[in-house]
Structure formats: structure tokens, C-alpha cells
Ligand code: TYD
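We begin with a single chain expressed as C-alpha cells, specifically the form predicted on its own.
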Amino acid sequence: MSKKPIIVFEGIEGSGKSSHLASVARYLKQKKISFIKIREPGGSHNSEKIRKLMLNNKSNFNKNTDLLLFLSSRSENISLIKKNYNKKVILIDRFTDSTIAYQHYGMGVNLKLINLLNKYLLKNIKINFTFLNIVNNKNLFLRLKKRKSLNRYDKFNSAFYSKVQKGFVKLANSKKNSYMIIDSNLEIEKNKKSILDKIKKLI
């Protein structure tokens, strides 16, 4: 495995993925290990513009437009990823499997289309490892209530989030060697330790 891997943090809203990514970033900084971090949608300058548009509560895109906006954001990030590929550790808050979980399992967009477009954008870029953070409905909505503001993707119903999370778990089970499932209903410090122990092995 590359010592400068691409490491992705996946999960539905309120699952703790962003907090764990931040924890890993702090660890890498402390150890003086070079890295970049990207979020999707968002990341590069142009991707952040797309993020503001698609997550705006006044936006009301259909499922195909949502897919193409996510992929447009990813397209803008590819040059940034290529520039740092195998040179720095790359931490990504949501990536290709999020598109499959949300747009296919959640919204019913054709899976072959999503895979085709992802393959076209990524070409030879390979994800080395993924942490999937899962959360139950009770904790999901408790955590969302604590947020100062909610975006468009924070406002789906529990049935939608359940479909998306089941999709994530299905993806994780199909890639067991490169996935770790983190139960974010458990003590956060315990999960941080599990993640950092794995990170140490990956880098």
C-alpha cells in the first residue's frame, strides 16, 4: 500500500465522519506528515462555488441535476488530487461511494451511469482506504438539532437516510479489505483510537 494513500471518510449526516477526519488531520500535522484535505461537494475554489449552489435551502434540483452537480464538483477537484497523488496523504470527506449511496440507493439514479461517470473522472486514481461511520436514527436527529444551521441535505426524512446508510453498508461489505465500519453510536474516544491505529498502519 502507498505510504501517501487516499483515505476517505464516508457516512450520512450526523455520523461523525467530519470530526474523525479533523482528528486524523491533527495527528498528521503533529507528526509533520504532509497531507491535503478535501470535502465533497467542495474542496477546490470552483467546487466550493458548486457546493453553495447545491446545498442552498432555496435550491430544488431534480435527482439527475444533483448527480451532475456532485460530479461537477468532483471534476473540479481531480486536478488537485492528481497534483498530490502519491506525494501527500489525501483525506477526503465524502467521495465516490457517497454518490452511489445517496444518488443510487437514496434517490434511485441508475448505478451504471454513476459508475461510468466516476470511472471517467478518476481514471487511474485509486482510493486506498475508507472509514464508514454509521449512526442510528436517534443520534442522527439529536446531532442535527445541535447544528447552528441546516443545509438542504440535512433535511431528508429518516427513511431516506436509512436507505442511504444501508447502501453504504452494502458497499463496505463488498470491499471488506479496504473498508472499516465505525459505529459512531459508541464512545467517540474509542472510535478515534480505532481510526488512528488504522491510520498508523496505512501511512
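Don't overthink the numbering: it's just position in the shown sequence, from 1. Not measured: the values here are computed from a predicted model.
A second form of this protein, the form predicted in complex with the named molecule, is not displayed here; the remarks below concern that form.
- With the partner removed from view, the residue among 37, 143, 51, 163 that has a non-hydrogen atom within 4.5 Å of the named molecule in the predicted complex turns out to be 51.
- Contact with the named molecule in the predicted complex, defined as a heavy atom within 4.5 Å, holds for exactly one of 171, 68, 55, 28, namely 55.
- Residue 17 belongs to the set of residues with a heavy atom inside 4.5 Å of the named molecule in the predicted complex.
- When contacts are judged by a 4.5 Å heavy atom cut-off, residue 136 does not count as touching the named molecule in the predicted complex.
- At least one heavy atom of residue 102 is located within 4.5 Å of the named molecule in the predicted complex.
- The named molecule in the predicted complex comes within 4.5 Å of a heavy atom belonging to residue 41.
- Heavy atoms within 4.5 Å of the named molecule in the predicted complex belong, among the stretches 148-156, 172-180, 56-64, 29-37, to residues of 148-156.
- Contact annotation for 73-109: residues with any non-hydrogen atom within 4.5 angstroms of the named molecule in the predicted complex are 74, 94, 95, 98, 99, 102, 103, listed in sequence order.
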